[in-house]
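Here you get one chain, nothing else, as structure tokens; it is the form predicted on its own.
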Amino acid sequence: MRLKVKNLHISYGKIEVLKGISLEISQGKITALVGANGAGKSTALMAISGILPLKEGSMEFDGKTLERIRPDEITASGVVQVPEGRRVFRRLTVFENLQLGAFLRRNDHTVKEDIERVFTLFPILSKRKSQEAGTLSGGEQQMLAIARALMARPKILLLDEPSLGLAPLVVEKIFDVLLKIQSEGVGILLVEQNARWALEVASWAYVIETGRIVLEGPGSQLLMNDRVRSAYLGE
């Protein structure tokens, strides 16, 4: 099962930000999208989530066309985004944030099971379940944002800069969970400022520059690419 994005064009007013990008994200695989700030990475995720209108192009997942349906319908189809900056509901508790992640679901029994599952993935959230989300550390808020997305039972998870502003040890814990989620059959599209982290875990990766895909290939190969090493790995 694949999410296929073809010839995607997105504009902000008269400024074209995405200039015909094409991506494929498979279930059970991590796909990375790396590039400099302003290259169009977050715009691509917002477009896939239905938040930004397409100027041109198509998106398809599980035989369903996505470009003409609402963001909540895209989420219900199994394509779920964790936005940059976490965006947890700060005045709600951890438990309430998780419940909202399951808003589109109706089976209370399975919702309770999934809350227990994310508490297993992120044990600190279980200890903080009655705390307001705004009182959590940055790393704990990122864990909560991922856990909240998992409550929607994604088939494809879109992650926007999960390591941003976090200590290396926290990032390592989060990436360990992402690998576990991927091993359970969830596809991940990872937009990440830390290109080395992203390419090390990605089975396939794309490099985007000024709204165009300029390189693609296995993450391990791009790690060895001179152009990538110079521009994104500081070598």
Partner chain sequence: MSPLETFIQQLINGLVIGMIYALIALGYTMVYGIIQLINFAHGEIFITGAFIGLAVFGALPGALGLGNLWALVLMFALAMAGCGLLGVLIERVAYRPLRKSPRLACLITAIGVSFILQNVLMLIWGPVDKSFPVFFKHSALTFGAFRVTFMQSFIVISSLVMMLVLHFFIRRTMLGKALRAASEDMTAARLMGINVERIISVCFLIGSALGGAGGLMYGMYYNTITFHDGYLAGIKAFTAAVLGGIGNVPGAMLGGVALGMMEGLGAGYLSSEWKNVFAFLILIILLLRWPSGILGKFRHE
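Just so it is clear, the structure is predicted and the values come from calculations on it, not from any experiment. Numbering follows the first chain given and starts at 1.
Absent from the display: the form predicted in complex with its partner chain. The rest refers to it.
Across the options 199-207, 42-50, 166-174, 56-64, residues that bring heavy atoms within 4.5 Å of its partner chain in the predicted bound form belong to 42-50. Three-residue candidate spot Thr75, Leu92 and Leu104; every residue lies within 4.5 angstroms of its partner chain in the predicted bound form by at least one non-hydrogen atom. Taking the partner from the other structure, its partner chain in the predicted bound form has a heavy atom within 4.5 Å of a heavy atom of Arg87. In the predicted bound form, at least one heavy atom of Glu96 sits within 4.5 Å of a heavy atom of its partner chain. Using a 4.5 angstroms threshold between heavy atoms, Gln142 stays clear of its partner chain in the predicted bound form. In the predicted bound form, Pro123 stays away from its partner chain, with no heavy atom inside 4.5 Å. Residue Arg148 is the sole member of 137-157 found to place a heavy atom within 4.5 Å of its partner chain in the predicted bound form.
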